[in-house]
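Coming up is one lone chain in structure tokens, specifically the form predicted alone.
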């Protein structure tokens, strides 16, 4: 399936911002809808490594990491439109045109639009814990999504996860155990752009660190 080049009109940030209008309609099955999202980048960058951040917030991680690694293409996904616009504008102002910022539901996007074996790493930092029991079904990290992330990772690709919420981390560990057939759990490796004493260096982490919250982290390496 082909798709028109992303105009970024929904986020009003040039080529960096991508909105729902820039995606094709969802088909009857994921195989009918997936497309090569690399066409959102200039042709001379499409052979470079790709990484995905789910829940980019105001874009702090992307700004830091993309500045440090211009040889990698990044896609950030943020469901909250106002944060996605803010992040896209920050990226534009920093001249980071090897990043794209998408305002969309990450679970839907990964399952219905992402092709196989695309991303070298997937970063998920401080996702909403949805602490009330009746809201647990809304939690991002669940076994079905992890299996979809396995599909979109290249061989030996990684998913990297950090949370400040102990109960959510216990939930994550349970769902990680359910995908032990396709992922190897490993210790978390801090990104090179994290500051002294930081795990990642996002806005949420800096806020929570001031509040004295503990952090939990893990990495998942794709098997097979």
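Numbering follows the first chain given and starts at 1. Predicted model only: the values in this text are computed from it and were never measured.
Form predicted together with a small molecule: not shown, discussed below.
> Within 4.5 Å of the small molecule in the predicted complex: all of 56, 77 and 105, by heavy atom?
Replying inline: Yes.
> Exactly one stretch in 105-113, 146-154, 89-97, 67-75 has heavy atoms within 4.5 Å of the small molecule in the predicted complex; which is it?
Replying inline: Selected range: 105-113.
>> So in the predicted complex, is the small molecule close enough to residue 119 to count as touching (4.5 Å, heavy atoms)?
In response: Residue-level check for residue 119: no, no contact with the small molecule.
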